[in-house]
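Below you'll find only one chain, the form predicted alone, shown as structure tokens.
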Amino acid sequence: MTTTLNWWKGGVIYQIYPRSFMDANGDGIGDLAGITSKLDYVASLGVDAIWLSPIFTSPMKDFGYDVSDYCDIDPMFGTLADFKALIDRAHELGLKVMIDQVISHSADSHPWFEESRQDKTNPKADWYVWSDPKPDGSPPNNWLSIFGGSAWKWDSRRLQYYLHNFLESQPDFNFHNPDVRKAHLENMRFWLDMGVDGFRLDTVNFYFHSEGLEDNPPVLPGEPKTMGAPHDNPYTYQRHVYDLSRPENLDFLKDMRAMMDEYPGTTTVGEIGDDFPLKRMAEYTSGGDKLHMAYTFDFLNKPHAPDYIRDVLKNMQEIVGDGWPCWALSNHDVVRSRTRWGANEDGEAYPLITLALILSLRGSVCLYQGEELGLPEADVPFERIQDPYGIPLWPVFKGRDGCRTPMVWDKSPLGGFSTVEPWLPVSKEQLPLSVAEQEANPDALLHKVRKLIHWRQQQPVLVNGELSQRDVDNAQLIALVREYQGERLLVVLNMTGESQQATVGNDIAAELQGHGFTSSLNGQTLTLPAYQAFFAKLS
């Protein structure tokens, strides 16, 4: 694990979904004490940090992404003392702690919103986005909610509409108000003072809206749709010009970075869902004065053919510049990568080669809980669905519950997660892949993932180096060159289920070992078996 102040640059971050990681108090919901009890396991993977999805006080209509108190822990997860104990144990193990920061919107039960909605003259009247209706009583413009329908909700007390980009119960803050910006930075400072090492910033490009409230134009035929929303969602029919990614956001991100710089060794990673995500990543992470890093949905979607991957990397190089990406194959919002990318691939070999891909790229890496086990997406029956995003769009879109089911620690019926029926059902298909089962099998994927991560962490050129692509005479292979402080390293990846050959050139100085993959180099001819990778120093 890296130990410098810039540990995040090239670091590996393990994402924990607290409701589903480990239940210590037997109520069927994961909690902070449960997470703390499993930190030794997380540290054994060789990762640098953990990222906790929201743990703040919340009515849980969107499972923590609707905050009602930014400076306290929801009782279902524990207490501030429990969180401090988690931080202390993580730091003892060499793990940094990052937490989700959801500041584009709050819960409608937040005291700030309850005050704001009372009338148009109270001290917080302008803390949220309010607008008068059109003369016919309809919403002020055509903006849509990602969760369906209009982004405007009528409030009978103020006789105005308020903006919500997500659920109706998640009103959007008015970031044009300097008091709002100041309050959120103070909330973040509260957690920094407690010892957290960074923030994952939810919907970081949603903070500001156009004060003119202009209608969004339609997406024209052949143009790209918004990344981060299913394309059967009407939200993707609009070009989101006025409701997000506004230029004013850059100044706020600079203010945030200035605050973060007061706490050396801390970091930020922003979630960007945008019509042009790489352009936004470049804006938000370049120059060293805004976000430290950001991630997009380029690898959180379905396309995964070699040409697609090469195009993503090419665009990243051309557009992002000195900005810093954070790569992920899975998270709490998308179908698990083993199912989404690898449904027709080898269930054990394919997850490892996809992890080798993102661990070989310029940038940092997020690993979602259970990804190291090769867990497939769980099939949650409609009657057990909890996700408010999935219920109205069922069955075309089943929501996000399938990637949020409880972590499987052993093969008992409840997966060792809890002693009572959990909030989401334990996947029977996942039980044979549990931590205990794989720990007991020296050939299991878990051991291979550990070996790969530990090996990669010892390769400065993979952690810090620049990236270029190399042409080889086999379009099925991904070939990369990483370069750092005069060292050059070649990476060739076979993500297919068939053996592949290619000519790799005459500049191979030495093959690297210890990563766990198999290959054969005969002169300049490289043979890569199915789902294998090749690493070599270049002269």
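For clarity, every value in this text was computed on a predicted model and none was experimentally measured. Don't overthink the numbering: it's just position in the shown sequence, from 1.
Note that the form predicted in complex with a small molecule isn't included here; everything after this is about it.
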Within 4.5 Å of the small molecule in the predicted bound form, counting heavy atoms only, one of 174-182, 208-216, 142-150, 302-310 shows up; tell me which.
-> 142-150
Looking at the partner-bound form in the predicted bound form, is residue 65 within 4.5 Å of the small molecule by any heavy atom?
-> yes
Does at least one non-hydrogen atom of residue 230 fall within 4.5 angstroms of the small molecule in the predicted bound form?
-> yes
Please check if residue 102 has a heavy atom lying within 4.5 Å of any heavy atom of the small molecule in the predicted bound form.
-> yes
Should residue 200 be classed as touching the small molecule in the predicted bound form when contacts are defined as heavy atoms within 4.5 Å?
-> yes
Would you mind picking the one in 297, 130, 423, 191 that has a heavy atom within 4.5 Å of the small molecule in the predicted bound form?
-> 297
Assert contact residue (the small molecule, in the predicted bound form, non-hydrogen atom within 4.5 Å, options 124, 340, 404, 398) equals 404
For this chain shown on its own, do 72, 112 and 186 all sit within 4.5 Å of the small molecule in the predicted bound form, going by heavy atoms?
-> no
